[in-house]
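Next comes just one chain, in structure tokens: the form predicted on its own.
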């Protein structure tokens, strides 16, 4: 069953002088119990996509179908509800420091009125233990927790509504390696035990490969490669994906990575490939032609040389 389907999503930000094309028409989907990794460099549009799906900001165009219903049909932003939750990069900013850990977790479900007061307290305590926080922390102020502990608390708060999809927006980037491993273990257990789906936004390809089923690689507001996580990371087809993989994986892996040319003395392509200035394979058609996704070896690649 397809839980989330994003089609042709675009978003532009404007100020008095400039216009920034944050999203240029992206497509992806997530099935029930599946984890999709959305990766790419800072500023490529990953968090913008997440905020639109979570209905924190409105798209310019495109559709989002979640749990069998279109959530982009309204003229104004409307909360999706308890089935979609989000875990942010800096969890302390999403909590009110004057409340205790237990009170903070309970707030995740308080507005939906799905539990009685006694049931809500019981459920919150169960989830605090589930994410690995000490029972002695229950009545401790949320502001007194460490970054990793606070992130676990934000996961517990998201889980209290029994959501079908959780968006992790760079939720592990500020944590040390040991805490990252604990967060990934929680995600893996949620997939296996509760069938929760995830949109996992990150810079870390190692973490992506350890938890994600599929991966979408973004560059300059577009998805340039999309497919099974193992296939894309072990045998990348798009030049940008190759550069991304070569920067983090061992050089002796079985992947051909070409040497990249210096930055071309040119502006970005007006309607062609945004990666033109950096790509070692670029030619005139990359600069002038409108790009289309190619289907190669079970994945989608936004490159006119993908099948060369």
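Keep in mind it's a predicted model, so treat the numbers as computed, not measured. Residue numbers count along the first chain shown, from 1.
Here the subject shifts to the form predicted in complex with a small molecule, a form of this protein not shown in this document.
A.B. asks: Which is the contacting stretch out of 46-54, 274-282, 60-68, 235-243, given heavy atoms within 4.5 Å of the small molecule in the predicted bound form?
C.D. replies: Stretch 46-54 is the one.
A.B. asks: Does any part of residue 290 reach within 4.5 Å of the small molecule in the predicted bound form? Heavy atoms only, please.
C.D. replies: Contact check for residue 290: no, nothing within 4.5 Å of the small molecule in the predicted bound form.
A.B. asks: Please check if residue 203 has a heavy atom lying within 4.5 Å of any heavy atom of the small molecule in the predicted bound form.
C.D. replies: Residue 203: yes, in contact with the small molecule in the predicted bound form.
A.B. asks: Does any part of residue 42 reach within 4.5 Å of the small molecule in the predicted bound form? Heavy atoms only, please.
C.D. replies: Close contact exists here: in the predicted bound form, residue 42 approaches the small molecule to within 4.5 Å, heavy atoms only.
A.B. asks: In the predicted bound form, is there a heavy atom of the small molecule that lies within 4.5 Å of any heavy atom of residue 110, even though the partner is absent here?
C.D. replies: Judged by the heavy-atom cut-off of 4.5 Å, residue 110 is well away from the small molecule in the predicted bound form.
A.B. asks: So which of 231, 213, 170, 103 gets a non-hydrogen atom within 4.5 Å of the small molecule in the predicted bound form?
C.D. replies: After the contact test, the surviving option is 170.
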